[in-house]
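So this first bit is one chain, no partners, the form predicted alone, shown in structure tokens.
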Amino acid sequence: MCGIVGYVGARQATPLLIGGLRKLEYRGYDSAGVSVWSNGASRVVRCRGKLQNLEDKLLKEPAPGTIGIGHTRWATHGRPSDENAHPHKVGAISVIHNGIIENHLALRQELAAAGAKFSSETDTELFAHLIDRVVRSGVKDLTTAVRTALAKVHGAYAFVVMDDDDPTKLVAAKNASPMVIGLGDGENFIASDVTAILAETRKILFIEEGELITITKDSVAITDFEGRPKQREPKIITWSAMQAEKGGFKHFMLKEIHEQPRAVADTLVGRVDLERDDVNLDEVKLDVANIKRIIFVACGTSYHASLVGEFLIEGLARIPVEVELASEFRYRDPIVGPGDLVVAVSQSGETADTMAAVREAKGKGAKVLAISNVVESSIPRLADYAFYTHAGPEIGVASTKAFTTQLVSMVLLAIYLGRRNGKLPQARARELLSELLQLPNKLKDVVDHGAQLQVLARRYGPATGFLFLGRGAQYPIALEGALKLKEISYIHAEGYAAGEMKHGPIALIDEHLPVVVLAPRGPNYEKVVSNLSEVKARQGKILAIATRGDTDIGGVADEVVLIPDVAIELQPIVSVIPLQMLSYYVADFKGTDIDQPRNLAKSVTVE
């Protein structure tokens, strides 16, 4: 989510750090900063806003020196501000961080009890305090101090640490967040990804999980967290700068499809409490007992996520739910007021129609919960409560990872409500939470088997129209699949509830129409198969998304894409990924502008 870069060598560090951060700004743009050592101490310069703000500040407050670290932030813990910008410095220790410290609340309490004074709201500052405490206890070797402090940290992280008292080295650690080392001649680099340092070196070490790295200008030492040495040969990168920014993927959309396992894992971090069979939403303190009705307001893809949320909350928490198009909500004098919780869903947090709906709801006395991907954006600030997904910056206009993290948020919210109003049994909550923790690996399994979708895209891409069908919570996924195909390939597509097919859409079916049917195992399975028979009788070409191990579906479908078996409540999160990949490959086959499709914008800030 955030971008990190570090340098140690003979050249001035600040221009190199800024150059690297410029390549990483797509990873976060809430704030930026550098810490550069010179003449016995490091100088920290940081500020809120885009990187240009930092560059302007450095013209007034230069930071000379030949070793330093830099950071561009996507806010998770703590609002975007000068104080929350990285690097964080405690004593002689400067730290930058990409990721989330899961046990930050417990660490903050422990450090405060020991007398620590905090200057920010971030989880990252806690790690600087931990290292400073180890150093003050007598451990002078920075690598040892970082290793000792890491033992107290749980979560996903890529840390880079600099010590004013040992300005010859940087120490870094990686666990579930990206990190690479760039090797130079009398200089070395560290960064979140290759794009930040490709202009300086093409000799790259890719860091693996659970590794600690000590970097000087002439050496790189890699160990595991227990201190056992590890050896690795560098790779020579032949990608172009643009390819590197996309992680080697052809388009940002494909990269973001592949990032979904990580994005879902980040959204779950710190929110699943298996000890209590509950969901931990410290940021959302809802008065559940007084919620009589929930109304979702959203647009586009977020509207489809909200439709899934309706199924989840009514099923798990037994609270009545309505889903409204935000663009229509305020124009019909909606009946809303005290006792209603309005849930505003917006990836950007800036969608104009959704913001207008929030103002309408608040004006009538309803409480508002915002679900957004962008910290401190307008809708969360306007709402009474904010729930942030942690998808990270999404560059492609067609939403992928933001949508799946919204679906995960819906599951978490439904469990949270159901546990607090007593409608969700503890045993069922435990099952769902356990499956949620396994979900990132199952999503990776789907993404890794995407080659079949590439073949199907070439086979059916020349079609002039598609029909998407689903029942229950798969109906919104059918809508989303049709929307994705329309957005990026410009092929006309429609999504329908499968039971509605014979009430009109069946007239469209002939041997030229591909029909994509969502048919995972569950209560609606037999009904969906019956619908497939109706399509088959009219010579439609059937592409079925089905549960792995289903040996029956092949009897009626022309093509079958198999997905892992998961709880019914989690099926939409898994089944949407093949539809995203099918849409992507169809558009790629047609040669459209996938990341910036015609007439569309990432954030719709006008009505």
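Keep in mind that this is a model prediction, so the values were computed, not measured. When you see a residue number, it is the position in the sequence shown, counting from 1.
The next section is about a form of this same protein that is not shown, the form predicted together with a small molecule.
A residue is said to contact a partner when one of its heavy atoms sits within 4.5 Å of a partner heavy atom; A398 meets this definition for the small molecule in the predicted complex. None of the heavy atoms of E187 is located within 4.5 Å of the small molecule in the predicted complex.
In the predicted complex, the small molecule sits within 4.5 Å of a heavy atom of K484. Not displayed here, the small molecule is kept clear of Q454 by more than 4.5 Å at the level of heavy atoms in the predicted complex. Residue-level contacts in the predicted complex: of T404, T72, N98, T351, one residue has a heavy atom within 4.5 Å of the small molecule, and it is T351. Checking T389, S302, T76, S177 for any heavy atom within 4.5 Å of the small molecule in the predicted complex turns up a single hit: S302. Shown alone, this chain has one stretch from 219 to 227, 484 to 492, 87 to 95, 501 to 509 that lies within 4.5 Å of the small molecule in the predicted complex by heavy atoms: 484 to 492.
Legend note: Cα of W74 to Cα of D353 is at least 3 Å closer in the predicted complex than in the depicted form. The pair W74 and T400 is at least 3 angstroms farther apart at the CA level in the predicted complex than in the present model.
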